[in-house]
Structure formats: C-alpha cells, structure tokens
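Below, in structure tokens: the form predicted on its own, a single chain.
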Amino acid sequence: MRDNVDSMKSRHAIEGRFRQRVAVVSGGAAGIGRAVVEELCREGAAVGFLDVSEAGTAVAEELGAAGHRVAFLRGDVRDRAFCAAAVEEVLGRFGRIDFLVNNAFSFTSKGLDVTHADWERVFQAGPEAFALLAQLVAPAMRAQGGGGIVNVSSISAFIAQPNRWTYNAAKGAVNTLTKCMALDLAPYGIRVNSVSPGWIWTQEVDKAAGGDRTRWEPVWGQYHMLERCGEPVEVAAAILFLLSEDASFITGADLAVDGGYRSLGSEGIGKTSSFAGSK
C-alpha cells in the first residue's frame, strides 16, 4: 500500500529541472525539510539549508560527497542576525537565490496552560521567521526578475485539535501570511504558496508512535482517505512542483498534501457505515 522511499524519489525526481538555481531551506536537517534539500539537490539546485540541529552537518557531508552543491548553516531562525548572515553566506557562496522554503517551526502544543514564552516561541520560530527570511531573500530574487517561496503550513491550520492553541494558531497565521506575501511580491515576479501536509511519518511522528509504525500507522491512517500516513518525500515533491515553472500561474495558494484528510467527513472512511462497500 505504501511505496518505499527510494521508489518515490526515483519517481518524482526530474533530472536537471533546477540546474543553475539556488535555494534556501529552513529546518533542512530532518523530516520534510531534509527531503526538500535532497530532492532539490537531486534535480540540480545548489542548496543552503538552515537548522538548529548539528545533524545538518552529516546531511551536508553526505550530499557533498555525492557531488551536490550544498551548505549547512547552523543556527536558530528566531535569531535575526543569524538569518541575515545565513542569507549573505548563501549569496556569497552561490551567487544568487531563486527559491526559499520556509519549513523550520516550533511544535509547541499548549492550550489552557499556555504561557507568554510559549506564544513567543511558536510565533518567532514560525510565521515571524518565515516573514523575516522572505524579507531577506526578496531583494536578490527581485534583482534577477523573480523567484519562488513555499511556506510549510499544516492541516492544523484549518481545524480544532485538543491542546493546540499555539501550534494551530501559528500555522493558521502562516496561511494568511502566505496570501499577503504573494500579493506584495507579485509585482517582482516572486510567487508565494504554501503546502499543508497531513500526518507525515517524520521523527516527531515516529517518536509519538514509540518507534512502532506497524502498530500506529493503521490507527492514524484512518484519518486519511488513503488510509496511511505520508512520506516526507511526497511533501517535497509538491513543494518542488510549486517552485517549478509548471506552477508559473499559481500564487497565493495552499496545496493540501494530506491524503484526503481535510476532505474526510465525520463518518471517517466509511468502513463502519451501513453503506460501506456499496457502489
């Protein structure tokens, strides 16, 4: 039912599609961000990726050894000076910036117990950092006649979930920010879109499952029409589409990469319905 990751990569990759292009990716050391970095490299782009985790060093070394042009810049996207220095480093090393993928985010999940520090963290490491990085790369994109930005949102931007005031509110802000950015940057040929993934099997999801995917994927898969969780590379493929010329008339939009999660009604996938299996 679920393709393996290697077959997905070979299926989605379009060799040379982004040759001579340069991308900045935040949160690129793991999960969706890492998949985006790997797929951009595979399709010919040079990539500068930001992450607070030292794990990014090994990712960069692996990709560099394979002949890809990649730079890892370690730091916290809440640090404005770090973000500015990182963008300058990418420009200095690769000479241009064509794409920005805003992925780094704080998974701060709080409800009635939320504190001021919680609100600060989730918004500073989320929509505020997304906006800052867009501000920093926009002049370079404008100078060369355009570019593309994709903000990683979530199904959580659209629904209520228990004890999720912080995360869901911040992801909702990302969707509105995307539309506003798209409007203001359109005159410069810069398209801005977002993707909203469903349950994607990342390290966070694996941790929640206690490492037991066989047990938990059928449970969480029921929230999706396709009855499974997604793979990071499937989200990466959607992001690369939005960055590509194939999406040249798409801006201010959100692309659901959720296996049908948001379209599923309260009856679920229907297996307990009296109409289940009927045609």
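Residue positions are given as counts along the sequence shown, with the first one as 1. As the structure is a prediction and not an experimental result, all values here were calculated from the model.
Heads up, the form predicted together with a small molecule isn't pictured, but that's what we're talking about next.
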Listed range touching the small molecule, judged in the predicted complex by heavy atoms within 4.5 Å, from 102 to 110, 141 to 149, 178 to 186, 86 to 94: 102 to 110
Non-hydrogen atom contact R191 with the small molecule in the predicted complex at 4.5 angstroms: no
Interface membership of G48, the small molecule in the predicted complex, 4.5 Å heavy atom rule: no
The small molecule contact in the predicted complex: I250, any heavy atom under 4.5 Å: no
Contact test in the predicted complex: W199 vs the small molecule, heavy atoms, 4.5 Å: yes
Contact residue in the predicted complex, from V114, A131, V205, A169 (heavy atom within 4.5 Å of the small molecule): V205
